[in-house]
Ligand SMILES: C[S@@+](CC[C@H](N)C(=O)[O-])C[C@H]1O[C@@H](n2cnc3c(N)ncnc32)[C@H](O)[C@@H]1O
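Here you get one chain, nothing else, as structure tokens; it is the form predicted on its own.
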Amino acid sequence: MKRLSPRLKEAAALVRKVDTIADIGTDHAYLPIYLIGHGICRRVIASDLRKGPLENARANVEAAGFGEQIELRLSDGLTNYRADEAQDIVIAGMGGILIAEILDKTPWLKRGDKHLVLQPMTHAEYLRAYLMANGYRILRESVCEDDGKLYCFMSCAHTDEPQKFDAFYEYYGELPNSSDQLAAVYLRRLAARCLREAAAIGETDKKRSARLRQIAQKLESILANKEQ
């Protein structure tokens, strides 16, 4: 069995032990093979938008001997899934804007029994803002390091309960509640990035520049509280 990358291993750690897991954008099917091989679920539906990656996935699944447990499916996001097919859904390795678009096209994800594991490669703040505006609760967030880069993960479910959010929650989510030291590193780097962007904008967009500085101040305040 191929050794799973730290990024995909973190995704595997966040799914529940359920009957069926859906892996959206499976690529080489390394995550489904790991999930079945470690007894985390009984079945995986693994899909990809393109035929090429799906054929690569098929070769890996057959080589692992999991053809019975892993179903491979051509699908644009969750378009070719039914609401009753999987309990946990993993969407990892895509941009945050694309992940939000996939969620927005899939209203049945708002059923209370669905659990999402999301890993945006970019625009995590956009994805959090979408979740906040559409009744999703971020249950937990974590950070992992893979090949020198930091990636954040969100464990989410829809809720009908009203939620209140502090200022700029979309930039930090539940990371302040993580005991993982990498979460603090992630937030520190994000604060530094906001300050760099603010400096680069300068006088050309005073409103955006001021907002970026406010976000950096909020992140620095969170970090200071974590260190106490």
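Just so it is clear, the model here is predicted, and its values are computed rather than measured. The first residue of the shown sequence is 1; numbering continues from there.
Keep in mind that the form predicted in complex with the ligand is missing from the display, and what follows is about it.
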I need to confirm a contact call. Of Asp180, Glu170, Glu62, Asp27, which residue comes within 4.5 Å of the ligand in the model of the complex, counting heavy atoms only?
Asp27
The one residue among Val185, Ala192, Ile201, Leu49 placing a heavy atom within 4.5 Å of the ligand in the model of the complex is Leu49
Pick from 92-100, 109-117, 137-145, 123-131: which stretch has a heavy atom within 4.5 Å of the ligand in the model of the complex?
92-100
In the model of the complex, do Lys9, Gly39 and Glu85 all reach within 4.5 Å of the ligand through at least one heavy atom apiece?
no
Taking any heavy atom pair closer than or equal to 4.5 Å as contact, tell me whether Asp76 reaches the ligand in the model of the complex.
yes
4.5 Å heavy atom contact, Pro176 to the ligand in the model of the complex:
no
